[in-house]
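In C-alpha cells, one chain follows: the form predicted on its own.
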Amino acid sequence: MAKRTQKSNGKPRLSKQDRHTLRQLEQLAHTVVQAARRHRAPYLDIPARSLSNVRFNKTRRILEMGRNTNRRQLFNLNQAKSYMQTLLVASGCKRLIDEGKTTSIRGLYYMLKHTIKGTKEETFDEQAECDPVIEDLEVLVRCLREELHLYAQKKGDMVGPLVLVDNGDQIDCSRMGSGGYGIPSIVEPERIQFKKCTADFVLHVEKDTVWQRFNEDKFWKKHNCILTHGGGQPPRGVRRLLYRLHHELELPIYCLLDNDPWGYYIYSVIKQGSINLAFESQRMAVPEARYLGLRSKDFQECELSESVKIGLTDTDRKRARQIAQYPWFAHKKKWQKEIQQLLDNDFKLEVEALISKDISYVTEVYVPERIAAGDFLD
C-alpha cells in the first residue's frame, strides 16, 4: 500500500478495500440500531467456526464455510458480555481504519481494555478473551483481520528474484543478505505490489533452519526460484503471499515439509485452506500446490541412518489416520499409500535428517532431483 495521503480535512484517504470494510462494520452497527428502534432484542448471528460447518468443494478444491450460525444476544445473561465485546472490537477496528492506522491484536486488546464506568467489570480480563472475538468479527463481516487493520507477529521470510514495493518502499528480494525479506502480516495489494519477477517457481520450506540452508547455498539463485518459509505452521500473511505469487505471477508452489502428520497438515492448509478461515479459502488456498517431500519412502531411497528416526506417538498415529480421511486425501491412492507407509514405518523424519547424508544434500541433490523428475504428491 502506497503511503496514505491526507484529505484537506486532515483525514486519511481510504482505499477501496478500506471503504468496503467500513461499510461492513457500519452495516453491523445498523442492525443494532434497527433492533432498538423496533423495540426488539438485539442479536448477532455469527457463522460457526467448526468442522461441522465446513465443507470441501470438489469443483474448486477448497474448504468453504457452511450456513450454520451461533446466535449471540444482548438480553441473555450468558451472552451479553460477549455480545458487547463483539461490538467493542468492531468499533475499535472502525477507529483504526478511520485514522489510517494499524495495530497488533495485542495492541487492540489494550486499546479496548478498560473498567466499565460505575462497575468493577473489565471489558476484557485477558487477551485470550479478546482474540476469539476478533475471529468472530472476521467471519461476521467477512473481512480478514488484516483488512480490519490488525496484524499478528511476523513469522516467515522470503528471498529470490522478485522486486516489490512495500508501503511505498521498493525492495529487491535478491539483495536481502542472510536474513531475507521478512514477510509481514499484511500483504494485501494495497500494501505490497509486485514490480518485477523472473522466478520459475516458489519453494516453500517448513522451518527457518531449513530455509537458512537453502539461502546460504544460494539455491534460489542456482535454480531461479523464490524461497519462503513460515516458521512451521505458516501464518496468514505467508499463506496469502503464496496465493498471490501463484495467482498473480503464475508461479508453481512446491512444499518441502517434514515427513510427519504435522507436515501433511501444513500442506493441507496451504492447499485447501483451514477450518477457521474457510470463509476466505478463495483468497488463501492454493489447490495446485505440490508436496515435494519429505516422503515416507525416503528413509530407504536416500539410505538414511537409523539415528535420524523419530518414533511415532499415539497422537501422531491418530492424527495421521484423521488426515487420511480428509476428503481431499481420501480418494487419492498416492496419499493413502504415503500415510499408510508412515504408519507402517512407525517413525517420522524431519527435513534436517537429510543432513546425515551431507550438509547440502537437500539443496544439491534431493530437491533438484525431485523437481526434475516431477516426483511430488498432489
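Position 1 is the first residue in the sequence shown; the rest follow in order. If you're wondering where the values come from, they're calculated on a predicted model, not measured in any experiment.
Another form exists, predicted in complex with a further copy of the same chain; not displayed. Remarks below refer to it.
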item: Residue stretch of 91-99, 269-277, 137-145, 295-303 approaching a further copy of the same chain in the model of the complex, non-hydrogen atom distance within 4.5 Å; value: 91-99
item: Close approach of residue 151 to a further copy of the same chain in the model of the complex, 4.5 Å, heavy atom; value: yes
item: Heavy atom of residue 208 within 4.5 Å of a further copy of the same chain in the model of the complex; value: yes
item: a further copy of the same chain contact at residue 189 in the model of the complex, heavy atom, 4.5 Å; value: no
item: Any non-hydrogen atom of residue 224 within 4.5 angstroms of a further copy of the same chain in the model of the complex; value: no
item: Site test, 47, 57 and 338 vs a further copy of the same chain in the model of the complex, non-hydrogen atom cutoff 4.5 Å; value: no
item: In the model of the complex, the residue from 287, 184, 252, 161 that sits within 4.5 Å of a further copy of the same chain by heavy atoms; value: 184
item: Among the candidates 324, 310, 343, 35, the residue which, in the model of the complex, approaches a further copy of the same chain to within 4.5 Å (heavy atoms); value: 310
item: a further copy of the same chain in the model of the complex - contacting residues of 94-116, heavy atom within 4.5 Å; value: 95, 96, 99, 100, 101, 102, 103, 104, 106, 107, 110, 111, 113, 114, 115
